[in-house]
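First, one chain by itself in structure tokens, the form predicted alone.
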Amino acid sequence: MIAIIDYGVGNLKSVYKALLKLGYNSKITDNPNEIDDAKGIILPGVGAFRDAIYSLRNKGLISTIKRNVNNDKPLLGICLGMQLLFEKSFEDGEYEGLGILKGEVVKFKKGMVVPHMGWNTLEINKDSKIINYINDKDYVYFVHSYYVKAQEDDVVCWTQYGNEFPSIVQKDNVIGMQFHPEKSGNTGLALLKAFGEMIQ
């Protein structure tokens, strides 16, 4: 079972439906015991970083997430969920993230239209099982006003929008996707399929 973490933000149902289409058993939950029992975790998210990290803290889920990551359980962060994995965000202030990955969340440079919304390409930076079923320059769907400055060694794919930013990151069992795979057609389903295979 894949646990889709419910912390009051995010498009949970669309992620659930995408996994169902692929034949993966998943559950939307904020129960630490169910998250502990799952074989993999998805941390989705839309909205503001501050609200999301406060919600995770108030629900007591930060320690649950870190415990499972430390136990080598696969974790996929989607959009805001990816940004939460990093050390710090400068979205409307300065807020501490989960600190699972090194890096910080910053705004697109002045002059760029934000949010960066719509289809854009993935430029493969290094090999990973998560991209087993996709090709360089495949399109995925983005909606975000901030991006992550990550360690280059953790970047699986880059995307260009005014500047180069990480669109897929991975360090060991932790993966992040800045775009929405559940809204990215066959390419998105291929990425979720690869994630599902990583936890079986």
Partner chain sequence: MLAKRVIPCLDVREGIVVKGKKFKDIKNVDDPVKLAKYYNEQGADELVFYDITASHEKRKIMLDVVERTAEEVFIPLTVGGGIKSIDDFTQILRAGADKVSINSAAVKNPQLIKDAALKFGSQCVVLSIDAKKVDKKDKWEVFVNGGRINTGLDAIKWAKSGVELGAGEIVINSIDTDGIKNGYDIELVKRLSLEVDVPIIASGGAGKKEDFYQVLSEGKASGALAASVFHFKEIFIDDLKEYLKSKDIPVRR
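Not measured: the values here are computed from a predicted model. Positions refer to the first chain, counted from 1.
Unshown form predicted together with the partner chain; subsequent notes refer to it.
In the model of the complex, the partner chain sits within 4.5 Å of a heavy atom of N120. The partner chain is not shown here, but in the model of the complex it comes within 4.5 Å of a heavy atom of V46. Although the partner is absent from this view, Y141 contacts the partner chain in the model of the complex, with a non-hydrogen atom inside 4.5 angstroms. For G99, no non-hydrogen atom is located within 4.5 Å of the partner chain in the model of the complex, even though that partner is not displayed. Every residue of the trio V113, H116 and K183 has some heavy atom no more than 4.5 Å from the partner chain in the model of the complex. Look at 170-178, 66-74, 141-149, 35-43: in the model of the complex, residues with non-hydrogen atoms within 4.5 angstroms of the partner chain sit in 141-149.
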